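Taking the form predicted on its own, here's one chain by itself in C-alpha cells.
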C-alpha cells in the first residue's frame, strides 16, 4: 500500500468497485480498501436487480446469476394475488444474483484494470488538511498506514462512518430505517421464475415480505419493517419467523441475514472538498423497495468519471465535484428517488383495508407497463375515493 494515490475508495461493494474501475481505466492511480476479509460476504441484500438496469453496466453471466425471473406476484393483506407477467412487469422482474460471486467479479474487473485493492483494511479516520479530506488512516493486519489522496470516495454502505467522521451529517431517523431479516431457505415449494411480494401490517408493518427464488426449491425469504414498528416480540426476525412457519413449515433454513436499509431522502449534498459519497452511504437506496445495487453502481461510475475530470483540471474542491451531485439528482434515477419517497410516505401509512382496495384496483387496470408513475395515474383515475390519500402524489404525474 503506497502513501499517495489520485483516488482512495472506502468500501468494496458495487459502488466502490465501479468507481475504481472507471477511474483507473482513465489513468488515475486508485486504492480501494474493504474492511471485511472477503468481498461480497456476508451478503446483506435480497440480491434482485432489473434486467435492463444490470445490462447498463455489464452483460449477464451465468456464474453470478442464480435465476432469470419472468413473473412477479403482489399479494394483498386479504390474500388476493395479482400476477404481473413480463409484458407489464418492467423492472419488477429481472435477475436474482449471487452477490458473493457478483461483487467479487466487479472487484476483479477493477483490479485487472489496475486498481490496487486491499481487504481487511479498515479506514479508522480521515486525514484532514485545512478543513478538507486529504486521505484516510488505514489499519490492516495490525499495521497503520496514512494514505493520502487527491479525492476520497466514501462507498462504505449504510453505516457511512467515513463521511460522518469527515463532518457530514449522515444521521437517518429511526422511522426512516427499514429493519430487515432474511433466510436463505431450501426445500420449499415455490415457482422458481416468480418473485413474490406480500403486503400488510400483520406480515410486515410499513414494509413488505419478499420471496426471491435462487433455484428449484431455494429462495431468499425476507422482510423489512419500518424502524418505528420494531420492538420486543415485533422485531423483523419475529415477523419473518411467523411468516415462514405459516408458509414453509417444512423448509430448511441454511443462512440468516440481519440488517437495515435507509428509506429516507438522499443526503442534502453528496460532495465536499476532495470527497464524494456514493451508494447507500449517500442514502440513495430506493425508498419503496430498499433496493440499491443499481443506484450504487450508477453513482460509483459517475463518481469515478467526475474524479477523472476534476484531477485533469487540477481542482478537487467541492465546486469542481458538484457535477457529480447535480447529475445523479437530475437523472432518471434521481427523479425516481424523489417520487418514490413521496409514494413511500403515503403507502406505509395506509391501513390493510386501503391496501386491499388498491391492489384489487390495480388488478383490474389494463396497464401496458407496471411502473410507479403509471400506477399512480391509474389509481387516481379509477379510485376517486383514494384521492385524499394519494393527493400528495399528483405533483409527480
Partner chain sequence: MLNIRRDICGYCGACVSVCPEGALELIDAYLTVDHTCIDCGICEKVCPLGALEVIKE
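Numbering follows the first chain given and starts at 1. Just so it is clear, the structure is predicted and the values come from calculations on it, not from any experiment.
We do not show the form predicted in complex with its partner chain, though everything after this point is about it.
Put simply, residue 200 is far from its partner chain in the predicted bound form: not one heavy atom of it is within 4.5 Å. Contact annotation for residue 220: none of its heavy atoms lies within 4.5 Å of its partner chain in the predicted bound form. Its partner chain in the predicted bound form comes within 4.5 Å of a heavy atom belonging to residue 179. With a 4.5 Å cutoff on heavy atoms, residue 360 does not count as touching its partner chain in the predicted bound form; it lies far away. For the residues 335, 354, 36, 26, the 4.5 Å heavy atom test against its partner chain in the predicted bound form is passed only by 36. Taking 282, 136, 236, 115 one by one, only a single residue has any non-hydrogen atom within 4.5 Å of its partner chain in the predicted bound form, and it is 236.
Every residue of the trio 122, 158 and 174 has some heavy atom no more than 4.5 Å from its partner chain in the predicted bound form. Look at 206-214, 225-233, 147-155, 284-292: in the predicted bound form, residues with non-hydrogen atoms within 4.5 angstroms of its partner chain sit in 225-233. Residues of 254-268 that come within 4.5 Å of its partner chain in the predicted bound form, judged by any heavy atom, are 256, 258, 259, 260 in sequence order.
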